[in-house]
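Before any questions on how it binds or moves, here is one chain, the form predicted on its own, in structure tokens.
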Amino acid sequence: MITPGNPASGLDDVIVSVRGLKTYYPGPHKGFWPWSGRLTVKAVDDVSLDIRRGQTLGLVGESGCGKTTVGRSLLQLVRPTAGEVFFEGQDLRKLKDDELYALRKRMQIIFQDPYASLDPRATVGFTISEGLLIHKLTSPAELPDRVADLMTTVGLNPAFENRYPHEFSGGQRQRVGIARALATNPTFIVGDEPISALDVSIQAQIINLLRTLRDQLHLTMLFISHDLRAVRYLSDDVAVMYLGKIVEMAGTDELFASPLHPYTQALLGSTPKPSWSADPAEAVMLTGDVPSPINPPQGCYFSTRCPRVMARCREAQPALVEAQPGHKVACFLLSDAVNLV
């Protein structure tokens, strides 16, 4: 039986806290010769955020902005270059391998591609049970019942446990991935764009399933997506990323009702709306391409595309400040106004 998390400590305490997170990758060589050194890809560049227990933080942004790297860095699947990552009060970057191994069962991930994330040579029953066997969370005699319970929880027929991934649809494969993530009774789950590879009708089913599981099992989630409608439906708070940095963060209702950063305004304005929508907002069309994380612009990273750019924006990076209670933004248009108050 799946055990719900412990909500006794309340929903307001922070279970995941990140400070100054940087994750860099080695890029191409600077010159023709191998010994000329390598450029650096700044996939995540100084990200700080908190995720409260039992809540879902939505992380949005264009493809390539570093969303997935943030999720993998939180779980230490990718080792960060710098910064602090606290999970339930423990700094994961300071843990030894055996200490981190013991925490793995409490932190899980749902991958983006249900086709690539499952072993085609293993039955779905074995895939779901593998975490249980590795962490020795159940006895061999109880294992079949545990797998059946997990499959039922995510809406799969337990009779299909001996089937292989190619015998399932994309939505069913993603349900297998969710069951695998739930197997170890985690308290924190990273959903790395878990609906982007699915048909629209199946996306709605998976989103509803994730919301139901979060509420029933008291899960804490980082939901990574570029689908703003899904983020709005599932998330309690939203963080907006651009080129490896958080540019705005607020409660979901607050951010969608009153976006402050020009990039967030452009993202929300680009969402298709029905002709009868009461929202009069018009799309803010961005010009130019997203800069390279190998050679980001000087000053504000968004300055090369911002319709309200100032001279100061090209010289210095704005800090992420609280422009309104619970609403943070990294923009000189707002930070200057805050400092004047």
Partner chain sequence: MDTSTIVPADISPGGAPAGARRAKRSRSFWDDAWYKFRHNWAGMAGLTVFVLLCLAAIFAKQIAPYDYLEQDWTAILQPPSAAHIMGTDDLGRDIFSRVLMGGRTALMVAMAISLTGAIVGLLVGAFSAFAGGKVDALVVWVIDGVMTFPAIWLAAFVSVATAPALKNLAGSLYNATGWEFLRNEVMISYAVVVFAIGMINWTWPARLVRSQVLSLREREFIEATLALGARPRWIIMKHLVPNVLGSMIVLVTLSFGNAMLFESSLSYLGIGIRPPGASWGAMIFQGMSKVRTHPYLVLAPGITLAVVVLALQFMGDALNDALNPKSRNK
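Residue numbers count along the first chain shown, from 1. None of the values given here were measured: they were computed from a predicted structure.
The following text describes the form predicted in complex with its partner chain, which does not appear among the structures shown.
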Residue 113, heavy atom within 4.5 angstroms of its partner chain in the predicted bound form: yes
Residue 139, heavy atom within 4.5 angstroms of its partner chain in the predicted bound form: no
Partner proximity in the predicted bound form: residue 91 to its partner chain, non-hydrogen atom cutoff 4.5 Å: no
Non-hydrogen atom contact residue 243 with its partner chain in the predicted bound form at 4.5 angstroms: no
Listed residue that, although its partner chain is not shown, lies within 4.5 Å of it in the predicted bound form (heavy atoms), from 95, 77, 82, 143: 77
Three-residue site 108, 130 and 155 fully in contact with its partner chain in the predicted bound form at 4.5 Å by heavy atom: yes
Neighbours of its partner chain in the predicted bound form among 117-145 [non-hydrogen atom within 4.5 angstroms]: 117, 118, 119, 120, 121, 126, 130, 131, 133, 134, 135
